[in-house]
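Let's start with one chain on its own, the form predicted alone, as structure tokens.
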């Protein structure tokens, strides 16, 4: 039997409603459009932090920016600032790439560790960049870049298991798939390979739900959306099941690409959130977010047609409210 799970909240104008409206403009507490593209969520105590690419039009085009927002309910978001500003740290030249920021908290070192996809304008560098901070909302200081497992790395994703162990997901074009790799004790590098998903996929995302791991990946089509697929396994080491579509192929995942899966465990139920980006390649600053409840359970994973919906983070209950 499928269990309905969902997340987040959204409004046509901030504070106007607590319904999520996938694909519409999402405003922060200042009334400005949220800039957290290709992002990830980190929960610290009772607060959620959303990190993502800041594509604001007035940014210095020679630099790259990561913005941070905080929320108690995954609905109203407070702007915490541009927490990482990169001034071409590896001297890659104008147009260097810094994408898909993901932040982990290391309880041993008390450090917040940010991973990004770092690349040359031609996408030939294919590395991860690492930055650290003593505070969740920065500032983050650039440390280094490397190729995890000595493989090329482009799109990255993150996964933190229920036991707190941390993993990096990264796409490797030459090997024709993406890796799931465990981070070292200090989270500053990759310790070992857990699995290799042998399929030309990117946008990797994972959730652990009722004894099964669900992994998502999108096909390689640049900024254009495509039918995302998923597989399941009882262990991150596999073996993984046959891949299936998360939605009807003709809708191209409702014009979105996966960024992360967020699990909200409440007092009554557990909600799993699909975080997706609806990229607008000619106006990246105006790219939208598709956050939606999924139907998940017994090895099945279905992304429903996006509709307005609400979430109670305390109970874990999500409700589709439809057009208003």
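Keep in mind that this is a model prediction, so the values were computed, not measured. Positions refer to the first chain, counted from 1.
Omitted from view is the form predicted together with a small molecule, to which the following refers.
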Among 218-226, 70-78, 103-111, 189-197, which stretch has residues whose heavy atoms lie within 4.5 Å of the small molecule in the predicted complex? 218-226
Would the small molecule in the predicted complex be within 4.5 angstroms of a non-hydrogen atom of every residue among 123, 202 and 257? yes
If you check in the predicted complex, is residue 152 within 4.5 Å of the small molecule, heavy atoms only? no
At 4.5 Å between heavy atoms, is residue 137 in contact with the small molecule in the predicted complex? no
